[in-house]
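The form predicted alone is given below as one chain in structure tokens.
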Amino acid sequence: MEVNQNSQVSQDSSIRLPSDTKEVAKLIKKNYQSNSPIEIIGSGSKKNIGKPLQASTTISLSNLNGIIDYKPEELYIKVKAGTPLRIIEEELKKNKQFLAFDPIDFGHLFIGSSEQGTAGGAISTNLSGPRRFMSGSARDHILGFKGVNGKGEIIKSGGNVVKNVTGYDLSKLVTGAYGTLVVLTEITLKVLPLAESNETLVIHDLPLENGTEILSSAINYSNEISGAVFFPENAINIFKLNDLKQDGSITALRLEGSTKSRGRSVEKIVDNLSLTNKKISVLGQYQSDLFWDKVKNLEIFNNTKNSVLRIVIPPAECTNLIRRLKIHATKYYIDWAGSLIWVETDNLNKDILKEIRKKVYNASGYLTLIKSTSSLRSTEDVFTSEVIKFKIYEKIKKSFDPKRIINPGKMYIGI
């Protein structure tokens, strides 16, 4: 089936909308035979992450939409890859369950409004929210999949229940591959119970060094903490919550568990981290949920025209690296208790990107260029690439997609 062009797909592409796995396989097999490149999209919410593609055909998975099987008591849900995350989350909430890897809504970053994307996009990018340090990444929550490789062959891996680990490594391999190995058509995900309640302890107006020290100390002290972030001064204007009345930086800790334990947990953390004399706010569940949605969905960078970098770093290197990057940072914040830094910069070019990448690499970190101009993404590495890992990935790509026709060059030039 062919449809008219839309804003999410390149002008020279014809869009195909298969309705099931067999139709996907048929389309890819045809392109394999003609050696024609294909771009794979879901809703298009993450289309601009990675290198721009030149493809003769676009396969949209938006018609592969729906929940196939959901067993709340067995903690799994099986969905078609094009199923909107919003639909999945709404269904899970009916049973007080959720996707614990915290899929990010990139709509705020790219278009200035919500666009959560699809299950396939979340798994293909493996980009997880604030719970990552506690609950693991998307890669840790995929139980199995069905998909089509670059030759048009249907492959299946994994099972439905948490105890079934058959083929689990293959599931992990395709997670985070940005659709360059397999076109996902069905995905089975682990789900977890929602906490009974949550509160957020906010410490105001701390210097960077003190804030990151508290983040690190807090997660080592309590296993009830599922979020730990630091925002420098002036970030309060982003949140606009009634119970956040102090100026200055924000150091925030989310505590989850039973309703009875919440107040005692906050008191214990305040006492054990010697926060009694600090400026403190406590957000109840409603405002806490709003706060963490804004954190998870990158609303600090809402519809920015600037470049945005994602840096994964050993927590011990976080403070020093930020000091070294401040000359380029228009905005930044720290997540994952010091393991993740989001940076916005308004003057990024290939020389500055090279300089930043070197500083990140010297700090044993990993950099991803999440948002930037098409020209910069075309000519520079979007992902950190090491020679050994590149060669391994090149071999993996060849085994799944020997003619390099699915999302060619999306992650690395020549692959």
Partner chain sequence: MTNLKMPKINKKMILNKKEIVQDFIKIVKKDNVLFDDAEVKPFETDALSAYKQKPMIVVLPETTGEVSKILSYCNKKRIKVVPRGAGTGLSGGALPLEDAVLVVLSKFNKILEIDFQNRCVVAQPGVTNLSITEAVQHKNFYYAPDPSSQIACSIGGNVAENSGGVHSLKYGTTTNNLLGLEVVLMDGTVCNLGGKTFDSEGYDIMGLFTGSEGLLGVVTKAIVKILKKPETVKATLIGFPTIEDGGNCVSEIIAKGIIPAGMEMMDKALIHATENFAKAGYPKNAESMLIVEVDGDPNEVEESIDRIKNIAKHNNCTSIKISKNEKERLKFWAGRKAAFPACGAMAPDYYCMDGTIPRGKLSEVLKEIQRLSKVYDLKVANAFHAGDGNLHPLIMFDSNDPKSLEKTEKFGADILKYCVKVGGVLTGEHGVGIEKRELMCEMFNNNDIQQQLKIKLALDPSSLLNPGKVYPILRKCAEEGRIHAHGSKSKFSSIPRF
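It should be emphasised that the depicted structure is a prediction, and the values quoted were computed from it without experimental measurement. Residue numbers count along the first chain shown, from 1.
What comes next is about the form predicted together with the partner chain, which is not displayed.
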(Q) Taking the partner chain as it sits in the predicted bound form, is G44 near enough to touch it, meaning that at least one heavy atom pair lies within 4.5 angstroms? (A) no
Q | Contact label in the predicted bound form: N63 to the partner chain, heavy atom within 4.5 Å | A | no
Q: State yes or no: in the predicted bound form, is some non-hydrogen atom of R132 no more than 4.5 angstroms from a non-hydrogen atom of the partner chain?
A: yes
Q) Can any non-hydrogen atom of T57 be found within 4.5 angstroms of the partner chain in the predicted bound form? A) no
Q.
Each of G144, E355 and I413 within 4.5 Å of the partner chain in the predicted bound form, by any heavy atom, yes or no?
A. no
Q | Of V282, A235, L170, A329, the one that lies within 4.5 Å of the partner chain in the predicted bound form (heavy atoms) | A | L170
Q) Since exactly one of S36, S378, S364, N349 fits, which has a heavy atom within 4.5 Å of the partner chain in the predicted bound form? A) S364
**Q.** the partner chain in the predicted bound form: contacting segment from 198-206, 173-181, 282-290, 82-90, heavy atom within 4.5 Å
**A.** 173-181
**Q.** Members of 392-414 lying within 4.5 angstroms of the partner chain, judged by heavy atom, in the predicted bound form
**A.** I392, Y393, K395, I396, K397, S399, F400, M411, Y412
